[in-house]
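Take a look at this single chain in structure tokens; it is the form predicted alone.
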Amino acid sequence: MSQINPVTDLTLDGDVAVITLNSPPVNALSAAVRKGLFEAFKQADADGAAKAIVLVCEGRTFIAGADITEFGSAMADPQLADVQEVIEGASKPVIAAIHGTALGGGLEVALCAHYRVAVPSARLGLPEVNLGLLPGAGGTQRLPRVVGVENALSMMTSGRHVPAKEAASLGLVDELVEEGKLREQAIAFARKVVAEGRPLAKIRDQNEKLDAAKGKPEIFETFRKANARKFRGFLAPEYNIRCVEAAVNQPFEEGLATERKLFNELMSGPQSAAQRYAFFAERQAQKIPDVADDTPVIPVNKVGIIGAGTMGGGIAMNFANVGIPVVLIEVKQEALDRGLATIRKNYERTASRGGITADQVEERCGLITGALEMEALADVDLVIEAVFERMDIKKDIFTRLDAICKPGAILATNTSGLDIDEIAAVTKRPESVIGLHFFSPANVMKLLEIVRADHTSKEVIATSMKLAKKIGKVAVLVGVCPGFVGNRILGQRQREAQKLVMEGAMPWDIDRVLYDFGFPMGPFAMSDLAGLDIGWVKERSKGESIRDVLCEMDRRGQKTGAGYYDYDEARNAKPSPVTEQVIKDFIVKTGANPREVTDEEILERCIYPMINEGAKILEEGKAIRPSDIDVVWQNGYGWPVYRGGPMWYGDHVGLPKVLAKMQEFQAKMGDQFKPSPLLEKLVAEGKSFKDL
């Protein structure tokens, strides 16, 4: 055995040189890994006793990608391209032996080997698009030569991790080997390659699959059109497409130059900076300063949920999806039956699209049982209350749970903004009470706001954070305040949107500006989707708001074919002359003076108060760090990830500009725009949110 460096070994197994990489946790392409690979391949190629070279990795994975902590700074030599050159240019066959994941730079290394073998559980992909980037080490030029143009476009613009069996069918993997026998069977494959006199198959020289797309620009245009909605606002997917076009239309070296140019443009641009920030922010949100990693967690083997409506049913699905049994509580049999039927329908819809099998539908539905008595919750480890947003109802439920649930059970509320300390106070175990605020639809939305009350124990917090990860949620720990973090900030935007309508902006103007900013939809389109009559009571309505008037006209949103907008049979929206007249009449009635409102003012009025409210939340300690607020908004409210989040965006625009506008708005429109003292302090000290 020859140790090349602390992370790389070179050994000879008969006539096969075996290079073993061991750089925990994921064998990322750090400077040490690059140096080890470079030296090992040079030595192996020069060794006359070796007739082939196998690259295998220790630990749970092959090379899982670049070391992204190096992004944005000068990389030490050897560069990744130097490593790839020594692999691809080897005078004897090189076989990459893949387990775990071969992603990004890891797959780009494997694409320089002459052959690839993998265990069936392995996954391969180029996920750089999710960081606002493109594969910058030849991946955009080599992948389409192996899998074809359409498959490469799909893989690169989605960042999908392709299972090894599918990769083999695409030609990306040459042979599947047995689980647990990767090393020995990769060596056996290498000997077979040598015995059969197979050529040194360099992907860079393979043009057959590219030739099929030459002179067919419609392939790219069709792909762009089919994905226009999904790619809206993002630069990286388009740049990935252009690189594949270059692979088809340019010689290999020119294609590499195009890839490098476009990679550098993305790397130095604001979108990738925001997306890389979001990547790290999501991981940072898991770290709670006063809750140690080794804090004991409470085993959660059975869950109870109170309320079988849309929210309760969606929450139940999260747990059934990972094999945790759920007891669903309702007060009436018909409500319970309806809830269970909806859950089944949701699972069957997923199965019809190929997301799960028919057996999985039955298995998951079988894990969710219903009951009409709360006494059925006596043995659950966690109970989540998901009923109406009324404090009296919630306090009654928690009083009863306190008497029914076993000692140590976690008592959680799904409230979206009520005082959890007040709820916890009716129990004899406030340390067991926590907020688990799921977002609708709860079986789809990624965000889980975990709300820490005054007495919530560290064990309950640690358990909730780990459980969130298990059920596939992005968890953020926040403090108790009206609306918590997400809805509290949303309230600022909603207030200004409503005010702007009374000042002369039409709902579709406001929606268009926020849609163009990158939100999936604006506040008025969202209201139409949810239903204008949520919380509206016909008998008490007195036409005191535009919403009241629209509801009284039975314009209650998409479900009635009209709300703020008019809708056709396919629910396509168009500005409504009826709504416009209602607004004009309302303005006259209230004596307001409408004016021309610019797009710039709409954006600043809707966004800057959100940034200011985030600063207040930080000041009050209701969020641990600015990036946590951004994670909430990216995952729960559709904030465009390429704009980082409200706090990142505030830094990007410049806090002095945000403060100046808030002061200007305060002078014109009152103290709702009063700047946060933290915002004033940061500007005075020449600092940003990132400095906190």
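When you see a residue number, it is the position in the sequence shown, counting from 1. Keep in mind that this is a model prediction, so the values were computed, not measured.
From this point on, the text means the form predicted together with a small molecule, which you will not see here.
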Sole residue of Y567, F279, F517, F586 within 4.5 Å of the small molecule in the model of the complex, by heavy atom: F279
If you check K214, R229, K469, R353 against the small molecule in the model of the complex, which one has a heavy atom within 4.5 Å? K469
Looking at the partner-bound form in the model of the complex, is P93 within 4.5 Å of the small molecule by any heavy atom? no
Would V193 count as touching the small molecule in the model of the complex under a 4.5 Å heavy atom rule? no
Classify K657 as contacting or not contacting the small molecule in the model of the complex by the rule of any non-hydrogen atom within 4.5 angstroms, answering yes or no. no
is_contact(S576, the small molecule) in the model of the complex, heavy atom dist at most 4.5 Å: no
Looking at 640-648, 627-635, 662-670, 59-67, which stretch has residues with any non-hydrogen atom within 4.5 Å of the small molecule in the model of the complex? 59-67
Looking at the small molecule in the model of the complex, is some heavy atom of each of G435, E449 and R556 within 4.5 Å of it? no
